[in-house]
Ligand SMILES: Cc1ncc(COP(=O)(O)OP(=O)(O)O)c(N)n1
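A single chain comes next, written as structure tokens; it is the form predicted on its own.
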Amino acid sequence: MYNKLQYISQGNSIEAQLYNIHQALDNGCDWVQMRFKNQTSKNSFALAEAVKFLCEEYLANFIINDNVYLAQQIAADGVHLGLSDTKIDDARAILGNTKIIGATANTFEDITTHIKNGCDYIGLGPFQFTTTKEKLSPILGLEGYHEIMQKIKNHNLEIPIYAIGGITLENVDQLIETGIHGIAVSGIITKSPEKGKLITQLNEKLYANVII
């Protein structure tokens, strides 16, 4: 089963991205989604190459946001697709059946469509307002998660759901109670002065009821 904590990278330069990703990995995060928007192909490739090396060193999953061809070129573990990005079946045709394909959802209908198209996990959100992403979909809040997760259960659908968007340490317990698989976070880790402590606390909450 997929790791329950995803770190979505931040930074406007290759150096900033690498620093933030290395910090997350070094402090116990074992899933990185590289998000490096509005960059040249050269910069994106250079960063992806370096991040892949880091993730291999830390035995972490390495997913690239949006860029299917870069994920193929760099042999990443997979790709995460937004609502307006490459179609899942097109990405699958490019990457093959062994790679992870995640997709963003804002509604139950998004989720059912993604499942039909063969995606492996869902990033459901936003939970609340976040400055990390432009052009936010409608805020779901706890009520939205409860409603969507109940529909998933009622329809006997099985797919890992990650909550995303403005999540704080204080929100995690309530989100887990909705039935989500995990969380995908960015700013909370990037900006934390005590990353090791924070990531440990997040993992303790996420894995509290998991029998190993």
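Residues carry their position along the shown sequence, with the first being 1. Since this is a predicted model, take the numbers as computed values, not measurements.
Below, we refer to the form predicted together with the named molecule, which is not included among the displayed structures.
Contact check for Lys52, Asn61 and Lys99: none of the three has a heavy atom within 4.5 Å of the named molecule in the model of the complex. Proximity of Asp85 to the named molecule in the model of the complex falls within the 4.5 Å heavy atom cutoff. Remark: Lys37 counts among the residues lining the named molecule in the model of the complex, judged by a heavy atom distance of 4.5 Å or less. Under a 4.5 angstroms non-hydrogen atom cutoff, the named molecule in the model of the complex has Ile164 among its neighbouring residues. Contact between Val68 and the named molecule in the model of the complex is not found at the 4.5 Å heavy atom cutoff. Screening 152 to 160, 27 to 35, 169 to 177, 40 to 48 for residues having heavy atoms within 4.5 Å of the named molecule in the model of the complex returns a single hit, 27 to 35. Note on contacts: among Cys119, Ile111, Leu81, Ala76, the single residue with a heavy atom within 4.5 Å of the named molecule in the model of the complex is Leu81. Residues from 1 to 20 that approach the named molecule in the model of the complex with a non-hydrogen atom closer than or equal to 4.5 Å are Gln6, Ile8, in the order they occur in the chain.
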